[in-house]
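What follows is a single chain, given as structure tokens, in the form predicted alone.
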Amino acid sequence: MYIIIVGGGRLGYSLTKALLAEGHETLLIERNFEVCEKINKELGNICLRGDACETGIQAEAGTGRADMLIAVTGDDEDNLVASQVAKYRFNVPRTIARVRDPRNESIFKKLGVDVTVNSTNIILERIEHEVPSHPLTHLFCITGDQRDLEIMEVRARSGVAVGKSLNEINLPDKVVLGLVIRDGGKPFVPRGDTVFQSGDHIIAVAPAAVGEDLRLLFNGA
């Protein structure tokens, strides 16, 4: 897979190093001459100096044959523009962009960036997952045509669904319960007669907007 990384900071450097180790053809685009030279000395001649927001630099990088572009500079605007140039000028099938300001995340998605990575949200999700009392964790946002769907983990306790079977509960529209993890055992796919128990961890695919409905269903008010 040919992957272009934009931004040679710590994240871009580490990501490039990891992708190279996995055998991917990887090119890094970095504006700063000294940073680029240092990376080339350490990782081989894989850093192209220039502004990835410019069509000419992306053409020089061979973006037209790239399978993926990942923009991880410290500037949201640069990450957005570089992703859009790759997406709409060179038809790169997959673009991933770092978003530093969480308020910009929806704009990135509206403007066509396939995947956004927000460090604030990652930390919050990790905290949610580590706090045993937290009833719902947003695990992953599904992109593409199903942009509004997320994979969520719901922890059942005292909601109306506890003690009832899958056939007996009214799930919100477009919700699919994919897996149940019970008592730390092997995950299983719930069937119509599966009765949910307090303590179950339920992996659901659902629109982001119904997360609170799911929480209420399995945890109550």
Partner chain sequence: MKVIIMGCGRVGAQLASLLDKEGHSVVALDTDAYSFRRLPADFKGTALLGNGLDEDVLKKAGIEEADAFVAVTQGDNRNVMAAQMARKIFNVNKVLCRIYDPLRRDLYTILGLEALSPTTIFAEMLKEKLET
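Positions refer to the first chain, counted from 1. The model shown is predicted, which means the values in this text are computed figures rather than measured ones.
Heads up, the form predicted together with the partner chain isn't pictured, but that's what we're talking about next.
- A heavy atom within 4.5 Å of the partner chain in the predicted complex is found for one listed residue only; from Cys47, Cys53, Ala61, Leu177, this is Cys53.
- Interface residue among Val113, Val85, Val72, Val92, judged by heavy atoms within 4.5 Å of the partner chain in the predicted complex: Val85.
- Interface residue remark: Asn104 is counted as part of the site for the partner chain in the predicted complex, having a heavy atom within 4.5 Å.
- In the predicted complex, none of the heavy atoms of Glu150 sits within 4.5 Å of a heavy atom of the partner chain.
- Taking the partner from the other structure, the partner chain in the predicted complex has a heavy atom within 4.5 Å of a heavy atom of Val81.
- Stretch 53-61 is the contacting one of 183-191, 37-45, 152-160, 53-61, since its residues have non-hydrogen atoms within 4.5 Å of the partner chain in the predicted complex.
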